[in-house]
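Given next, in structure tokens, is a single chain: the form predicted on its own.
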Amino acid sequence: MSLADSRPQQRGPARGRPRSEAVERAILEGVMKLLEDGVSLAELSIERIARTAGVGKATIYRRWSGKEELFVDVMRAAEPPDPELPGTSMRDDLVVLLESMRLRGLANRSSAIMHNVHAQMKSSPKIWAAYNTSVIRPRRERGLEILRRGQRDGELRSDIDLELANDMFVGPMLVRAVLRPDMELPEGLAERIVDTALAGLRPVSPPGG
């Protein structure tokens, strides 16, 4: 799998020398090559990654504090990028957000190595915690911000628990994409989920209003 067109996002400040995109790309692709060759996460080492990527260990440590942080960036680079939100309405933004989840689900299904990596990652508390902090939590906060704006703009009832509402939108897509690999992820699924949930969450107009 080539990572040439994917770049890690939301990284912290640079450490040491200025980054070289070509070097970073070589390191990320080196990790993916090892994974594709059947090397488990437990067997990955900075020394082995450096040898595969054709760089020195110091080059890796100037960019990542350890293999956990590096592996999270590999996972991010292998996934479709986070989408730009249209900002036209809460409904439109939620559809775009869920569509990106659908596309990630399709990408993971089409790649046996990514499926295996996700399974291995969950067996490593340290890597899973880093992935949760760097990837899952910011994505969840993005969804909550959409709902906060929708509630403020009158698109969502004021009495709605936003944490619960976020789960109501995201949950069905996660179930189909992650827990039910036998279920289809057809085009238009994001719209169906959002519109079904919104049917019970929108403000109710008074009679004649």
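Here the structure is a predicted model, which is why all the values come from computation and not from measurement. Between two forms, the rigid core is the largest collection of C-alphas that superpose within 1.5 Å. So that there is no doubt, residue numbering starts at 1 and follows the sequence shown.
One more form of this protein should be noted, the form predicted together with another copy of the chain, which is absent from this view; the next part is about it.
- Residue 167 belongs to the set of residues with a heavy atom inside 4.5 Å of another copy of the chain in the predicted complex.
- Contact check for residue 20: every heavy atom lies farther than 4.5 Å from another copy of the chain in the predicted complex.
- Although the partner is absent here, residue 67 sits far enough away that none of its heavy atoms falls within 4.5 Å of another copy of the chain in the predicted complex.
- Interface residue remark: residue 172 is counted as part of the site for another copy of the chain in the predicted complex, having a heavy atom within 4.5 Å.
- Interface residue among 180, 57, 48, 149, judged by heavy atoms within 4.5 Å of another copy of the chain in the predicted complex: 180.
- Contact annotation for the candidate site: 115, 128 and 161 all lie close to another copy of the chain in the predicted complex (heavy atom within 4.5 Å).
- The partner is not shown here, but in the predicted complex the stretch 126-156 reaches within 4.5 angstroms of another copy of the chain through a heavy atom at 128, 132, 137, 140.
- Taking 2 Å as the criterion, residue 68 counts as shifted between this form and the one not shown: its C-alpha moves by at least this amount when the rigid core is aligned.
- Once both forms are overlaid on the rigid core, the distance between the two CA positions of residue 144 between this form and the one not shown is under 2 angstroms.
- In contrast to the form presented, in the predicted complex the C-alpha positions of residue 62 and residue 138 spread farther apart by 3 Å or more.
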